[in-house]
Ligand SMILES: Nc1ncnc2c1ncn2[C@@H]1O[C@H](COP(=O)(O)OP(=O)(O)O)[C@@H](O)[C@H]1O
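Form predicted alone, single chain, as structure tokens, below.
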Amino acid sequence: MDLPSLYSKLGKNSWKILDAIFRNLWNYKYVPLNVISNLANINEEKTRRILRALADDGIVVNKQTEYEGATLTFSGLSLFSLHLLVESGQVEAIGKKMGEGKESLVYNCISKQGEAVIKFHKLGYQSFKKVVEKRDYGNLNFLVLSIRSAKREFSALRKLKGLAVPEAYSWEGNAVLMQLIDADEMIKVKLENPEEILDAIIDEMAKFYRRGIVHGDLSPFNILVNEDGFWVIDFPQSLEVGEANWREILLRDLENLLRYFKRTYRIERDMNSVFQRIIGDSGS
């Protein structure tokens, strides 16, 4: 998906149609043509033609069921989310794709804060299964779940502002605009002071806890390190302390961390004592 090229192709009426679909993602699997036409204030035949062109570019999917309708693809949702960031003045230019995984797509950009990154959330079937282990999202579709995933990450990062996480600048749709961290995944780096780093990460988990956040998917893949320190990233599966299963998920995060340091650096810690160190006297 080449977002900059797709973005430059779209005109005013295309954005109106995408806006009409976006606003109704919570109400329909496929938004009816007449609903799109009415909201966009474009006649149905012209709306139909634009939808066909958008489908050719992989931005929407048109469907004839008991009615004629359309929905966004992941590309379409990401494009419209980018459009909202641009229109609000948060993003001035989008650059190159920095990475793509099963659950996200990351581009660098120029924001009003300077160089930054946009993370587009992409909640597919596998990550959906992980999420429903922790919370009930009912029958909502993957586009809506991707939007909720982005909102959850943005909210968590805002609550953790000032700690060892990227600063979150803005959120629209499935897109989170955040600080660019120039560092490598911990799993790709040989640490010179692993025991010191482990202690610092545990202390940071305790600070997260005190602000009411459990990461939910902590691993050496989402801890970045450089000569200046470390940062914890990827919070779409985070939980608030007090949500169902938060203790079990915090223990799982801790187990992942301790297992990595034991396997890689032969550092052993007692999990129960470290867990108590994180939650202090308040964890009951």
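None of the values given here were measured: they were computed from a predicted structure. The first residue of the shown sequence is 1; numbering continues from there.
Below: the form predicted in complex with the named molecule, not depicted.
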| property | result |
| --- | --- |
| Output flag, 98, 101 and 222 jointly within 4.5 Å of the named molecule in the model of the complex, heavy atom basis | yes |
| Options 34 to 42, 56 to 64, 253 to 261, 233 to 241; stretch whose heavy atom lies within 4.5 Å of the named molecule in the model of the complex | 233 to 241 |
| Proximity to the named molecule in the model of the complex, single hit among 189, 180, 206, 86 (heavy atom within 4.5 Å) | 180 |
| Sole residue of 72, 117, 156, 197 within 4.5 Å of the named molecule in the model of the complex, by heavy atom | 117 |
| Non-hydrogen atom contact residue 166 with the named molecule in the model of the complex at 4.5 angstroms | yes |
| Non-hydrogen atom contact residue 110 with the named molecule in the model of the complex at 4.5 angstroms | no |
| Partner contact for residue 106 in the model of the complex: the named molecule, 4.5 angstroms, heavy atom | yes |
| Interface membership of residue 185, the named molecule in the model of the complex, 4.5 Å heavy atom rule | yes |
| Contacts with the named molecule in the model of the complex, stretch 39 to 73 (heavy atom within 4.5 Å) | none |
